[in-house]
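Only one chain is given next, in C-alpha coordinates, and it is the form predicted alone.
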(Lines give C-alpha, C1' and ligand atoms only; values in the text may rest on other atoms or scores of the structure.)
Protein backbone atom coordinates (compact mmCIF):
# COMPACT_ATOMS: atom_id res chain seq x y z
CA UNK A 1 0.00 0.00 0.00
CA UNK A 2 1.29 3.45 -0.95
CA UNK A 3 0.43 6.72 0.75
CA UNK A 4 0.08 9.81 -1.44
CA UNK A 5 0.48 13.07 0.44
CA UNK A 6 -0.78 16.51 -0.52
CA UNK A 7 -0.78 19.93 1.05
CA UNK A 8 -4.15 21.59 0.41
CA UNK A 9 -4.32 25.37 0.71
CA UNK A 10 -6.86 27.76 -0.77
CA UNK A 11 -8.64 31.09 -0.66
CA UNK A 12 -5.57 33.20 0.06
CA UNK A 13 -7.14 36.14 -1.81
CA UNK A 14 -3.79 37.85 -2.39
CA UNK A 15 -4.24 41.53 -3.15
CA UNK A 16 -7.31 41.91 -0.92
CA UNK A 17 -7.82 45.57 0.11
CA UNK A 18 -9.00 44.74 3.68
CA UNK A 19 -11.30 47.74 3.74
CA UNK A 20 -12.83 46.66 7.06
CA UNK A 21 -9.52 47.35 8.81
CA UNK A 22 -8.08 50.77 9.62
CA UNK A 23 -5.61 52.02 7.02
CA UNK A 24 -2.57 51.45 9.23
CA UNK A 25 -3.43 47.74 9.63
CA UNK A 26 -4.19 46.82 6.01
CA UNK A 27 -0.60 46.42 4.85
CA UNK A 28 0.15 44.27 7.91
CA UNK A 29 -2.69 41.94 7.02
CA UNK A 30 -1.51 41.70 3.41
CA UNK A 31 1.90 40.71 4.73
CA UNK A 32 0.16 38.03 6.78
CA UNK A 33 -1.30 36.65 3.54
CA UNK A 34 2.11 36.48 1.92
CA UNK A 35 3.64 34.90 5.00
CA UNK A 36 0.91 32.22 4.91
CA UNK A 37 1.69 31.27 1.30
CA UNK A 38 5.44 31.16 1.89
CA UNK A 39 4.90 29.06 5.01
CA UNK A 40 2.61 26.66 3.14
CA UNK A 41 5.26 26.07 0.46
CA UNK A 42 7.96 25.58 3.10
CA UNK A 43 5.79 23.10 5.03
CA UNK A 44 5.06 21.21 1.81
CA UNK A 45 8.79 20.74 1.27
CA UNK A 46 9.53 19.88 4.90
CA UNK A 47 6.75 17.30 5.01
CA UNK A 48 7.75 15.78 1.69
CA UNK A 49 4.30 15.97 0.11
CA UNK A 50 3.87 14.85 -3.48
CA UNK A 51 1.98 17.98 -4.56
CA UNK A 52 0.29 21.20 -3.45
CA UNK A 53 -3.44 21.40 -4.25
CA UNK A 54 -4.80 24.93 -4.62
CA UNK A 55 -8.57 24.89 -5.30
CA UNK A 56 -9.18 28.52 -6.12
CA UNK A 57 -8.97 32.16 -5.16
CA UNK A 58 -5.22 32.46 -4.91
CA UNK A 59 -5.92 36.08 -5.86
CA UNK A 60 -8.70 38.36 -4.67
CA UNK A 61 -9.53 39.50 -8.18
CA UNK A 62 -8.77 38.70 -11.79
CA UNK A 63 -6.56 41.77 -12.21
CA UNK A 64 -3.99 42.12 -9.43
CA UNK A 65 -1.08 44.53 -9.22
CA UNK A 66 2.28 43.51 -10.64
CA UNK A 67 3.92 43.26 -7.22
CA UNK A 68 1.30 40.80 -5.93
CA UNK A 69 1.54 38.66 -9.05
CA UNK A 70 5.34 38.63 -8.96
CA UNK A 71 5.27 37.59 -5.30
CA UNK A 72 2.97 34.63 -6.00
CA UNK A 73 5.11 33.41 -8.89
CA UNK A 74 8.29 33.67 -6.83
CA UNK A 75 6.68 31.88 -3.88
CA UNK A 76 6.37 28.74 -6.02
CA UNK A 77 9.78 29.14 -7.67
CA UNK A 78 11.63 28.29 -4.49
CA UNK A 79 13.97 25.33 -4.98
CA UNK A 80 12.37 22.07 -3.91
CA UNK A 81 8.77 23.19 -4.28
CA UNK A 82 6.65 20.15 -5.21
CA UNK A 83 4.24 20.16 -8.17
CA UNK A 84 1.38 22.64 -7.76
CA UNK A 85 -2.11 22.14 -9.17
CA UNK A 86 -4.25 25.30 -9.33
CA UNK A 87 -7.98 25.48 -10.09
CA UNK A 88 -8.85 29.19 -10.50
CA UNK A 89 -11.91 30.27 -8.52
CA UNK A 90 -14.67 32.82 -8.87
CA UNK A 91 -12.44 35.68 -7.62
CA UNK A 92 -9.58 34.86 -10.01
CA UNK A 93 -11.27 33.10 -12.96
CA UNK A 94 -9.38 31.92 -15.98
CA UNK A 95 -9.61 33.56 -19.39
CA UNK A 96 -7.28 33.80 -22.35
CA UNK A 97 -6.91 37.49 -21.51
CA UNK A 98 -6.23 36.91 -17.81
CA UNK A 99 -3.03 38.67 -16.71
CA UNK A 100 -2.63 36.12 -13.91
CA UNK A 101 -3.13 32.86 -15.83
CA UNK A 102 -2.62 33.38 -19.58
CA UNK A 103 0.78 31.80 -20.46
CA UNK A 104 1.44 34.25 -23.29
CA UNK A 105 0.64 37.31 -21.17
CA UNK A 106 2.68 35.98 -18.27
CA UNK A 107 5.69 35.42 -20.53
CA UNK A 108 5.28 38.89 -21.99
CA UNK A 109 5.39 40.35 -18.48
CA UNK A 110 8.55 38.37 -17.75
CA UNK A 111 7.08 36.30 -14.92
CA UNK A 112 5.72 33.00 -16.28
CA UNK A 113 4.54 30.37 -13.85
CA UNK A 114 7.21 27.74 -13.13
CA UNK A 115 6.98 24.48 -15.10
CA UNK A 116 5.88 22.55 -12.03
CA UNK A 117 2.78 24.78 -11.59
CA UNK A 118 -0.18 23.46 -13.56
CA UNK A 119 -3.22 25.70 -13.97
CA UNK A 120 -6.50 24.07 -15.03
CA UNK A 121 -7.93 26.22 -17.82
CA UNK A 122 -11.27 24.63 -18.75
CA UNK A 123 -14.63 24.42 -17.04
CA UNK A 124 -14.71 20.74 -18.05
CA UNK A 125 -12.76 18.27 -15.92
CA UNK A 126 -9.29 17.46 -17.22
CA UNK A 127 -6.58 15.28 -15.71
CA UNK A 128 -2.85 15.39 -15.16
CA UNK A 129 -0.77 12.50 -13.81
CA UNK A 130 0.99 13.13 -10.54
CA UNK A 131 4.74 13.33 -11.30
CA UNK A 132 6.50 10.29 -9.87
CA UNK A 133 3.19 8.50 -9.25
CA UNK A 134 1.53 8.42 -12.66
CA UNK A 135 -1.18 6.04 -11.43
CA UNK A 136 -2.55 8.95 -9.42
CA UNK A 137 -4.48 11.44 -11.53
CA UNK A 138 -5.19 15.01 -10.49
CA UNK A 139 -8.44 16.24 -12.03
CA UNK A 140 -9.30 19.90 -12.10
CA UNK A 141 -11.66 22.49 -13.52
CA UNK A 142 -11.63 26.26 -13.31
CA UNK A 143 -14.04 29.11 -12.93
CA UNK A 144 -14.42 30.98 -16.21
CA UNK A 145 -15.16 34.69 -16.31
CA UNK A 146 -18.71 35.17 -17.53
CA UNK A 147 -19.74 31.50 -17.17
CA UNK A 148 -22.85 30.91 -15.04
CA UNK A 149 -21.97 29.93 -11.48
CA UNK A 150 -24.99 27.60 -11.15
CA UNK A 151 -23.36 24.86 -13.23
CA UNK A 152 -23.10 21.67 -11.15
CA UNK A 153 -19.51 20.39 -11.32
CA UNK A 154 -20.35 16.97 -9.84
CA UNK A 155 -23.55 16.37 -11.80
CA UNK A 156 -23.75 13.10 -13.79
CA UNK A 157 -23.13 14.76 -17.15
CA UNK A 158 -20.19 16.81 -15.86
CA UNK A 159 -18.31 13.75 -14.57
CA UNK A 160 -19.37 11.15 -17.15
CA UNK A 161 -16.00 11.18 -18.93
CA UNK A 162 -14.25 10.89 -15.55
CA UNK A 163 -16.38 7.81 -14.86
CA UNK A 164 -15.26 6.30 -18.16
CA UNK A 165 -11.61 7.01 -17.39
CA UNK A 166 -11.97 5.50 -13.94
CA UNK A 167 -13.67 2.45 -15.43
CA UNK A 168 -10.35 1.31 -16.86
CA UNK A 169 -8.97 0.85 -13.33
CA UNK A 170 -9.33 -2.38 -11.31
CA UNK A 171 -12.19 -2.07 -8.84
CA UNK A 172 -9.93 -2.66 -5.84
CA UNK A 173 -8.22 0.69 -6.49
CA UNK A 174 -4.78 -0.88 -6.69
CA UNK A 175 -3.98 1.00 -9.88
CA UNK A 176 -4.03 4.42 -8.25
CA UNK A 177 -6.41 7.21 -7.35
CA UNK A 178 -8.41 10.05 -8.85
CA UNK A 179 -8.23 13.36 -6.99
CA UNK A 180 -10.40 16.40 -7.76
CA UNK A 181 -9.33 20.03 -7.28
CA UNK A 182 -12.04 22.64 -7.80
CA UNK A 183 -13.90 25.67 -6.49
CA UNK A 184 -17.52 25.19 -5.46
CA UNK A 185 -20.33 25.53 -2.92
CA UNK A 186 -21.39 22.63 -0.74
CA UNK A 187 -25.16 22.95 -0.54
CA UNK A 188 -26.48 23.48 2.96
CA UNK A 189 -23.12 24.60 4.32
CA UNK A 190 -22.57 27.98 2.66
CA UNK A 191 -22.17 30.74 5.28
CA UNK A 192 -24.82 33.49 5.27
CA UNK A 193 -24.06 36.18 2.72
CA UNK A 194 -21.50 34.19 0.73
CA UNK A 195 -22.21 33.83 -2.98
CA UNK A 196 -23.05 30.36 -4.27
CA UNK A 197 -20.68 29.17 -6.96
CA UNK A 198 -20.65 25.82 -8.79
CA UNK A 199 -22.98 24.16 -6.26
CA UNK A 200 -22.96 20.47 -5.43
CA UNK A 201 -24.65 18.20 -2.90
CA UNK A 202 -23.13 15.72 -0.49
CA UNK A 203 -24.89 12.96 -2.43
CA UNK A 204 -23.21 14.11 -5.65
CA UNK A 205 -19.85 14.11 -3.88
CA UNK A 206 -20.36 10.56 -2.61
CA UNK A 207 -21.47 9.36 -6.05
CA UNK A 208 -18.67 11.12 -7.90
CA UNK A 209 -15.83 9.06 -9.42
CA UNK A 210 -13.22 10.87 -7.34
CA UNK A 211 -11.44 9.22 -4.42
CA UNK A 212 -10.81 12.56 -2.76
CA UNK A 213 -12.12 16.07 -3.51
CA UNK A 214 -10.12 19.19 -2.52
CA UNK A 215 -12.52 22.13 -2.63
CA UNK A 216 -12.20 25.88 -2.20
CA UNK A 217 -14.68 28.75 -1.80
CA UNK A 218 -16.01 28.23 1.74
CA UNK A 219 -13.61 29.95 4.13
CA UNK A 220 -14.13 27.67 7.13
CA UNK A 221 -12.66 24.17 7.32
CA UNK A 222 -15.20 21.43 6.50
CA UNK A 223 -15.07 17.69 5.88
CA UNK A 224 -17.33 15.07 4.36
CA UNK A 225 -16.37 11.69 5.70
CA UNK A 226 -17.62 8.17 6.31
CA UNK A 227 -16.22 4.80 7.38
CA UNK A 228 -13.27 6.58 8.96
CA UNK A 229 -12.08 8.21 5.73
CA UNK A 230 -12.46 11.77 4.43
CA UNK A 231 -13.99 11.99 0.96
CA UNK A 232 -14.13 15.78 0.55
CA UNK A 233 -12.67 18.73 2.43
CA UNK A 234 -12.37 22.48 2.49
CA UNK A 235 -9.15 23.64 4.13
CA UNK A 236 -10.84 27.03 4.56
CA UNK A 237 -9.22 30.41 3.97
CA UNK A 238 -5.50 30.40 4.67
CA UNK A 239 -5.97 33.46 6.91
CA UNK A 240 -9.06 35.06 8.41
CA UNK A 241 -10.23 37.52 5.77
CA UNK A 242 -12.93 39.34 7.73
CA UNK A 243 -14.46 39.50 11.18
CA UNK A 244 -17.00 36.79 10.42
CA UNK A 245 -14.36 34.12 9.80
CA UNK A 246 -13.80 33.03 13.37
CA UNK A 247 -11.13 30.84 14.92
CA UNK A 248 -7.86 29.62 13.48
CA UNK A 249 -7.01 29.39 9.78
CA UNK A 250 -4.51 27.46 7.73
CA UNK A 251 -4.12 24.51 5.39
CA UNK A 252 -4.21 20.74 5.72
CA UNK A 253 -2.06 17.78 4.85
CA UNK A 254 -4.01 15.08 3.03
CA UNK A 255 -2.77 11.50 3.27
CA UNK A 256 -4.41 9.20 0.72
CA UNK A 257 -3.80 5.46 1.14
CA UNK A 258 -3.73 3.76 -2.26
CA UNK A 259 -3.65 0.03 -3.00
CA UNK A 260 -6.12 -1.70 -0.65
CA UNK A 261 -9.71 -1.20 -1.71
CA UNK A 262 -10.97 2.26 -2.47
CA UNK A 263 -8.44 4.89 -1.38
CA UNK A 264 -9.25 6.61 1.90
CA UNK A 265 -7.98 9.99 3.05
CA UNK A 266 -6.85 11.29 6.43
CA UNK A 267 -6.42 15.01 7.11
CA UNK A 268 -4.24 17.01 9.46
CA UNK A 269 -4.97 20.70 9.97
CA UNK A 270 -1.92 23.01 9.96
CA UNK A 271 -2.19 26.56 11.26
CA UNK A 272 -0.87 29.27 8.95
CA UNK A 273 -2.43 32.43 10.38
CA UNK A 274 -0.78 33.65 13.57
CA UNK A 275 -3.87 35.74 14.31
CA UNK A 276 -7.18 34.33 15.50
CA UNK A 277 -10.55 35.96 14.91
CA UNK A 278 -12.91 36.31 17.88
CA UNK A 279 -16.52 37.37 18.30
CA UNK A 280 -17.22 38.06 21.97
CA UNK A 281 -20.24 39.17 23.98
CA UNK A 282 -19.82 41.44 27.00
CA UNK A 283 -22.61 42.51 29.36
CA UNK A 284 -21.90 46.01 30.66
CA UNK A 285 -25.08 46.48 32.66
CA UNK A 286 -24.55 48.87 35.54
CA UNK A 287 -21.31 50.40 34.27
CA UNK A 288 -21.15 53.99 35.50
CA UNK A 289 -18.42 55.25 33.17
CA UNK A 290 -16.71 54.57 29.86
CA UNK A 291 -13.66 53.37 31.80
CA UNK A 292 -15.75 50.69 33.50
CA UNK A 293 -17.03 49.55 30.09
CA UNK A 294 -13.42 49.20 28.91
CA UNK A 295 -12.60 47.06 31.95
CA UNK A 296 -15.52 44.74 31.15
CA UNK A 297 -14.25 44.44 27.58
CA UNK A 298 -10.72 43.64 28.80
CA UNK A 299 -12.11 40.92 31.05
CA UNK A 300 -14.09 39.42 28.15
CA UNK A 301 -10.93 39.33 26.00
CA UNK A 302 -9.04 37.59 28.81
CA UNK A 303 -11.76 34.99 29.26
CA UNK A 304 -11.50 33.76 25.65
CA UNK A 305 -7.71 34.04 25.49
CA UNK A 306 -7.56 36.80 22.88
CA UNK A 307 -4.09 38.33 22.60
CA UNK A 308 -2.60 41.52 21.24
CA UNK A 309 -2.01 39.88 17.83
CA UNK A 310 -5.64 38.82 17.31
CA UNK A 311 -8.69 40.41 15.71
CA UNK A 312 -11.75 40.71 17.90
CA UNK A 313 -15.30 41.97 17.72
CA UNK A 314 -16.82 42.68 21.12
CA UNK A 315 -20.60 42.99 21.14
CA UNK A 316 -21.78 45.06 24.08
CA UNK A 317 -25.17 44.50 25.66
CA UNK A 318 -26.97 45.78 28.74
CA UNK A 319 -28.11 49.01 30.31
CA UNK A 320 -25.61 51.73 31.11
CA UNK A 321 -26.02 54.12 34.01
CA UNK A 322 -28.13 57.11 33.09
CA UNK A 323 -26.05 59.72 31.27
CA UNK A 324 -23.10 57.40 30.58
CA UNK A 325 -21.79 57.69 27.03
CA UNK A 326 -19.52 55.12 25.36
CA UNK A 327 -17.86 56.24 22.12
CA UNK A 328 -15.29 53.43 21.75
CA UNK A 329 -12.20 51.82 23.27
CA UNK A 330 -9.96 54.06 25.33
CA UNK A 331 -6.17 54.30 24.99
CA UNK A 332 -5.49 51.53 27.52
CA UNK A 333 -7.73 49.08 25.70
CA UNK A 334 -6.63 49.65 22.10
CA UNK A 335 -3.28 47.76 22.38
CA UNK A 336 -5.11 44.65 23.59
CA UNK A 337 -5.67 43.40 20.02
CA UNK A 338 -4.26 43.76 16.53
CA UNK A 339 -7.63 45.29 15.78
CA UNK A 340 -10.51 45.63 18.21
CA UNK A 341 -13.98 46.40 16.92
CA UNK A 342 -16.66 47.26 19.48
CA UNK A 343 -20.33 46.85 18.52
CA UNK A 344 -22.50 49.14 20.66
CA UNK A 345 -25.86 48.38 19.03
CA UNK A 346 -26.97 46.32 22.02
CA UNK A 347 -26.43 49.11 24.56
CA UNK A 348 -29.41 50.87 26.12
CA UNK A 349 -29.73 53.63 28.72
CA UNK A 350 -31.14 52.57 32.07
CA UNK A 351 -34.69 53.84 31.67
CA UNK A 352 -37.56 51.81 33.15
CA UNK A 353 -39.74 51.44 30.08
CA UNK A 354 -42.16 49.07 31.82
CA UNK A 355 -42.94 51.74 34.39
CA UNK A 356 -43.54 54.27 31.64
CA UNK A 357 -45.89 51.85 29.86
CA UNK A 358 -47.84 51.32 33.08
CA UNK A 359 -48.09 55.03 33.94
CA UNK A 360 -51.35 56.91 33.81
CA UNK A 361 -50.08 59.42 31.29
CA UNK A 362 -50.41 62.23 33.74
CA UNK A 363 -47.13 63.87 32.77
CA UNK A 364 -45.81 65.15 29.47
CA UNK A 365 -42.90 62.73 29.76
CA UNK A 366 -45.21 59.74 30.17
CA UNK A 367 -47.44 60.75 27.30
CA UNK A 368 -44.39 61.20 25.07
CA UNK A 369 -42.91 57.86 26.09
CA UNK A 370 -46.17 55.94 25.71
CA UNK A 371 -46.76 57.38 22.24
CA UNK A 372 -43.28 56.31 21.09
CA UNK A 373 -43.60 52.89 22.74
CA UNK A 374 -46.90 52.31 20.94
CA UNK A 375 -45.20 53.11 17.63
CA UNK A 376 -42.31 50.82 18.55
CA UNK A 377 -44.65 47.92 19.35
CA UNK A 378 -46.49 48.32 16.04
CA UNK A 379 -43.39 48.64 13.81
CA UNK A 380 -41.87 45.51 12.23
CA UNK A 381 -39.10 47.02 10.10
CA UNK A 382 -35.79 46.82 12.05
CA UNK A 383 -34.40 50.08 10.68
CA UNK A 384 -37.55 52.04 11.50
CA UNK A 385 -37.74 50.41 14.94
CA UNK A 386 -34.18 51.58 15.62
CA UNK A 387 -35.14 55.14 14.62
CA UNK A 388 -38.18 55.17 16.91
CA UNK A 389 -36.18 53.76 19.80
CA UNK A 390 -33.46 56.39 19.32
CA UNK A 391 -36.09 59.14 19.32
CA UNK A 392 -37.53 57.71 22.55
CA UNK A 393 -34.19 57.76 24.37
CA UNK A 394 -33.23 61.21 23.10
CA UNK A 395 -36.57 62.50 24.36
CA UNK A 396 -36.12 60.90 27.77
CA UNK A 397 -32.61 62.36 27.98
CA UNK A 398 -34.07 65.78 27.29
CA UNK A 399 -36.72 65.34 29.99
CA UNK A 400 -34.45 63.90 32.70
CA UNK A 401 -30.89 64.99 31.90
CA UNK A 402 -31.77 68.30 30.24
CA UNK A 403 -29.37 67.54 27.40
CA UNK A 404 -29.38 65.79 24.04
CA UNK A 405 -25.99 64.32 23.17
CA UNK A 406 -25.43 62.04 20.14
CA UNK A 407 -25.51 58.52 21.58
CA UNK A 408 -28.14 56.33 19.92
CA UNK A 409 -27.28 56.41 16.23
CA UNK A 410 -26.11 52.77 16.26
CA UNK A 411 -29.04 51.12 18.02
CA UNK A 412 -29.86 47.68 16.70
CA UNK A 413 -31.07 44.24 17.62
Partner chain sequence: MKLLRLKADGFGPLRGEYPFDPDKVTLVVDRNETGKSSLLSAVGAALYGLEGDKRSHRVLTPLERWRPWDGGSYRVELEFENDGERFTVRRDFERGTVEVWNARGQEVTPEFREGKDDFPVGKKLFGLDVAEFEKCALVRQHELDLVVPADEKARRATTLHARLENAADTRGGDTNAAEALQVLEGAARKYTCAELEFTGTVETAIQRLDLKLGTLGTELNTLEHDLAQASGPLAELARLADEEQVSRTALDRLEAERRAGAAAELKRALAEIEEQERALARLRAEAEPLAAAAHLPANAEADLRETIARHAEAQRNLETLEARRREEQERERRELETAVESLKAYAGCGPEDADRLVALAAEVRRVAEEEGRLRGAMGGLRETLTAKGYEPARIEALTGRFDALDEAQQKLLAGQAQLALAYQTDVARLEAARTAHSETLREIDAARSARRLPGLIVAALGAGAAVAGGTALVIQAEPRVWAPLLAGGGVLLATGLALLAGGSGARSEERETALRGLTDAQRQLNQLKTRRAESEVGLAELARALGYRDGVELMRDRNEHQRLMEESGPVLRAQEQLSGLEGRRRAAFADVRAVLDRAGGGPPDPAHLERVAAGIRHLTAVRQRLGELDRSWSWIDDEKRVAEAAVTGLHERAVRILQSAGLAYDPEKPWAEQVQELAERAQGRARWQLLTDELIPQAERRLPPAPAIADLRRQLAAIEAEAGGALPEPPAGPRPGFDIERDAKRHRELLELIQRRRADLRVEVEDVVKRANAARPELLAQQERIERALERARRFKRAVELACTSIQGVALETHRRWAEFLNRRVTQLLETVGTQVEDLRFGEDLDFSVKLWNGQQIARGKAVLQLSAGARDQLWLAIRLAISEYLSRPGCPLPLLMDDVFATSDDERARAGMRLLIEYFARQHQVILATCHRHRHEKLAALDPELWAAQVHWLDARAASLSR
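Numbering follows the first chain given and starts at 1. What you are looking at is a predicted structure, and each value in this text was computed from that prediction instead of being measured.
This protein has a second form, the form predicted together with its partner chain, left out of what is shown; the following refers to that one.
Q: Check each of 354, 28, 381, 65 and return the one that places a heavy atom within 4.5 angstroms of its partner chain in the model of the complex.
A: So the residue touching its partner chain in the model of the complex, by this definition, is 65.
Q: Which one of these stretches, 213-221, 102-110, 117-125, 303-311, sits within 4.5 Å of its partner chain in the model of the complex when only heavy atoms are counted?
A: Contact-bearing stretch, as computed: 102-110.
Q: Residue 365 near its partner chain in the model of the complex, any heavy atom under 4.5 Å?
A: Contact with its partner chain, yes.
Q: Tell me, yes or no, whether residue 46 is in contact with its partner chain in the model of the complex, where a contact means a heavy atom of each within 4.5 Å.
A: Heavy-atom contact with its partner chain at 4.5 Å: absent for residue 46.
Q: Would residue 377 show up as a contact with its partner chain in the model of the complex if we use heavy atoms at 4.5 Å?
A: The answer is no: residue 377 has no heavy atom within 4.5 Å of its partner chain.
Q: Against its partner chain in the model of the complex, would residue 346 count as a contact residue? Criterion: heavy atoms within 4.5 Å.
A: Residue 346: no contact with its partner chain in the model of the complex.
Q: Taking heavy atoms and a 4.5 Å limit, what residues of 369-394 are near its partner chain in the model of the complex?
A: 371, 372, 375, 387, 388, 390, 391, 394 sit within 4.5 Å of the partner.
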